[in-house]
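Before any questions on how it binds or moves, here is one chain, the form predicted alone, in structure tokens.
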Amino acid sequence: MTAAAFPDALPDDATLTEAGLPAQRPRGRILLIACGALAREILALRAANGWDHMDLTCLPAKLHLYPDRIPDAVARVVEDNRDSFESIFVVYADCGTGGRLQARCAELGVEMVPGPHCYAFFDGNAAFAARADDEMTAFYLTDFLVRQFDAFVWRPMGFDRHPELIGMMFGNYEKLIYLAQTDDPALDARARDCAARLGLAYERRLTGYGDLATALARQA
């Protein structure tokens, strides 16, 4: 008799694979593949809930400037790590990919956070959708975007060099809504300043982590 006839006698995953049987993945370990803009929030939730079995890897937040690149970038990380984790969860919403990220995740057999973007799942997808008609003229910021306003809004849109573009690009907006994940007076003050720089009225809405917390809890 050969060892392949008795799988229980095989000593390790490498031999199992050579024998034509699937290598076993580390039991219970979950890989979160996330947008870098969500790293702080995911780490806070992981620490608060003791989700030590969840590992986090982040793709650059600036991929949002090129959403067509997100599906391929996520797919590469999934393929590179598939055999090292029991499961993989993609912590992106659609994020401007026009459904392509959802389709790619379905092909890969991995789940992702539901929703059109992080504004919606922080606010709660259902609540955000219900307010959509009333907030068509709102521009949203999260904790991350308040901190990184210059890097992700001000400079990429050219406002540092051509302030006259502000009126052209934001002329149809009426207010800036800060969807706050944390109750931080310093961030509130910075968000107010962002609104003033864009010439918009200001509103702060404390959302906490919204549907992101729910989605991660289900995976955990």
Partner chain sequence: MAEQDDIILAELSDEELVQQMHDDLYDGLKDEIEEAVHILLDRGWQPYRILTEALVAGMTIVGYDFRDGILFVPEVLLAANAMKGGMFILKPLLAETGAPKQGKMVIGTVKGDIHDIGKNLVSMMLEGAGFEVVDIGINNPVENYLEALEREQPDILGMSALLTTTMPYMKVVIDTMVEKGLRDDYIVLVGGAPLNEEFGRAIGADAYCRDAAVAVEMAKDFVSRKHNQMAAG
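As the structure is a computational prediction, the values presented were derived from the model and not from experiment. Numbering follows the first chain given and starts at 1.
Only in words, not in the display: the form predicted together with its partner chain, which the text now covers.
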Its partner chain: the contacting residue among 157, 45, 39, 180 in the model of the complex [heavy atom, 4.5 Å]: 157
Verify the flagged residues 123, 151 and 195 against its partner chain in the model of the complex: is each one within 4.5 Å by a non-hydrogen atom? no
With a 4.5 Å heavy atom cut-off to its partner chain in the model of the complex, the contacting stretch among 31 to 39, 184 to 192, 49 to 57, 168 to 176 is 168 to 176
Within 4.5 Å, heavy atoms only: does residue 98 come near its partner chain in the model of the complex? yes
Taking the shortest heavy atom distance, is residue 111 within 4.5 Å of its partner chain in the model of the complex? no
Is residue 137 near its partner chain? Define near as a heavy atom within 4.5 Å, in the model of the complex. yes
Report yes if any heavy atom of residue 162 sits within 4.5 Å of a heavy atom of its partner chain in the model of the complex; otherwise report no. yes
Pick out the residues of 54 to 84 whose heavy atoms come within 4.5 Å of its partner chain in the model of the complex. 66
